[in-house]
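To begin, one chain is listed below as structure tokens, in the form predicted alone.
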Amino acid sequence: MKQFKTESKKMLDMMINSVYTNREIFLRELISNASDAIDKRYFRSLTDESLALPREEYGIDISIDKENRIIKIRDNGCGMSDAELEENLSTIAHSGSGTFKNENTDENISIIGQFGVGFYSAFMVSKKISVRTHAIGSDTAFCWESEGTEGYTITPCDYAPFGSEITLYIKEDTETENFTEFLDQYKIKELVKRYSDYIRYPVRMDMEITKTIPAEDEKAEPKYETVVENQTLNSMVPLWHKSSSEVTEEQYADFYKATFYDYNAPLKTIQAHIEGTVEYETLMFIPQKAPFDYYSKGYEKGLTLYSNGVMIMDKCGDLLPDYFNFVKGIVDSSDLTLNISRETLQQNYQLRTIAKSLEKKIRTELLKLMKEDREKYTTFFKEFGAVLKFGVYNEYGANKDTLKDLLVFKSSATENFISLKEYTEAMPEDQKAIYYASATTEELAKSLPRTNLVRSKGYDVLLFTDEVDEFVATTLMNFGGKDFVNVTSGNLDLSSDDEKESVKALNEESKELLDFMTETLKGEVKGVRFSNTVGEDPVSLVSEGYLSAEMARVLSQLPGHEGMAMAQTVLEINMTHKIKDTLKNLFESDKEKLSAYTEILYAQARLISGLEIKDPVKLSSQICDLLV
């Protein structure tokens, strides 16, 4: 028996016990190696016709002997000589496929395996492995055999066909490990379908199936018989390798629903072949509906990653930014650098390049959808718009330029969603800012006193009803050279110079009244003042500083922030409303009643703004006292 080198022995032990976290990928590795061997034979047959087989005869065959706990994987590829066995299977981390690929640059050959390394993953499920192989053009076949780290043997053997046959002697079950599952035909079929469905050669296996024998008499019970059928387990031709003109919408929908377990057809399909620094193909889908677990901690983003049709990772999260985590799909590239386990991608420039390219592609397709089919885009935005908004706000606005053009909002002028670009393009020439009203509902946002005032000037108002909306506006700060301004902000500047002077004079002459009202509210507001920006309502609550009343309400609902977020607000009284004179008279004649009026007006302003009343019982008593 020959011994592995010390380094190889350590590597093999690590491979078996720690490198591979998912032992079921052993079958993917062996099938990939078999596909590589067939590729090599096919390539050589281009210059030596004696080596050729009809294309349809190439294939990979799997057989299961459940009683003896044996799995065999057979191919009719190039086979190996004794020297190649020594080189490829007896020196860990040597890649025969890699060497072949470096020596042959023909575009028709695509080597997907790293023969030698992935092969040893089979020891995770096998107590012994035997490889019988017959190299094309050779008169002698050889057998490589090993039970793991103790060593290996290479001996001549009887094996007539060209190609290789790998025999796995499956381990016995333990208290914690179930190896018998790999002797089940349906388990093997499932693994081939999951990991090797797009290998270019047929992967075949005899399947025991039960067939119904029709009864001669309608009243008789049907009979059943078990028969053996040789089935091709893989589909071989990936849908994303086909031209979009060859695939119908129905085929795309069927593929999407079957692959991603969705009852609905996708809202949009994105297919692309990208060439450049890294070449890859992608087939992506935007769902109609968010998955049931989409907003839960258990939701896992990512695209299924393939290398030349071999699945590398089911959900590669590094390919999608969080704000595009709703996208489902597949990426297939031969340019990716893989580590020895082929499970975990190295964080290399190829992966980052693909991810950046995908981000641009998704953004472009969403903008195209917004322009060409607003109804579909609205459907999409209602489901996933919140994720785009959080993408703007997160990471201190690092991605706001990527996402701002994808945002749409309802406005006071239309029932439809409009983009920020559409809003700014429709602005009158004298409009100074992008105005928005933030509230819990569209109706409440429309009915705010300041909203009506802005609309009376001929300006549209965006209606912010999602809790994140106002944070998005403060993150963006401006769009198209126009600042975002909350209609309830204290710096809403819609008055002429003469109007401003009139308001200033009234507040100066009413200073004692306003100070008394401010004192009555005991720190609830920063101040009380008369204003001409209330519209037709008697009072309005406006914000001073960065934090609006609505933002404070949202923040106060976060765990650990209860009561901590406080907005600086000012109670504005409509200077054109008859309440002004009533307040002035009460200041001279009945300050106790003025205090009650002040508290009622403040409560009214909070109600109009959609805020809670701190003491509704007291408010009710005060109103009743005024009525009797």
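Throughout, rigid core stands for the largest set of C-alpha atoms superposing within 1.5 Å between the two forms. What you see is a predicted model, and the numbers here were worked out from it, not measured in a lab. We number the residues from 1 along the sequence you see.
The form predicted together with a small molecule is left out here; the points below concern that form.
>> Taking any heavy atom pair closer than or equal to 4.5 Å as contact, tell me whether Phe326 reaches the small molecule in the predicted complex.
In response: Residue-level check for Phe326: no, no contact with the small molecule.
>> At 4.5 Å between heavy atoms, is Ser164 in contact with the small molecule in the predicted complex?
In response: Ser164: contacts the small molecule in the predicted complex.
> If you check in the predicted complex, is Tyr256 within 4.5 Å of the small molecule, heavy atoms only?
Replying inline: The answer is no: Tyr256 has no heavy atom within 4.5 Å of the small molecule.
> Does the small molecule come within 4.5 Å of any heavy atom of Lys40 in the predicted complex?
Replying inline: The answer is yes: Lys40 has a heavy atom within 4.5 Å of the small molecule.
> Among 281-289, 139-147, 356-364, 75-83, which stretch has residues whose heavy atoms lie within 4.5 Å of the small molecule in the predicted complex?
Replying inline: Stretch 75-83 is the one.
>> Going by heavy atom distances of 4.5 angstroms or less, which of Val472, Leu233, Leu89, Val461 would be at the interface with the small molecule in the predicted complex?
In response: So the residue touching the small molecule in the predicted complex, by this definition, is Leu89.
> With the small molecule left out of view, which of Phe119, Tyr393, Tyr152, Tyr195 would have a heavy atom within 4.5 Å of it in the predicted complex?
Replying inline: Looking at the other structure, the residue within range turns out to be Phe119.
> With both forms fit on the core, is the shift of the CA atom of Val454 between this form and the one not shown 2 Å or larger?
Replying inline: No; Val454 is a residue whose C-alpha shifts by less than 2 Å between this form and the one not shown when the cores are overlaid.
> Can we say the CA of Ala603 moves by at least 2 Å between this form and the one not shown when the core is superposed?
Replying inline: The answer is no; the displacement is under 2 Å.
>> Once you overlay the rigid core, does the Cα of Glu165 travel 2 Å or further between this form and the one not shown?
In response: Yes.
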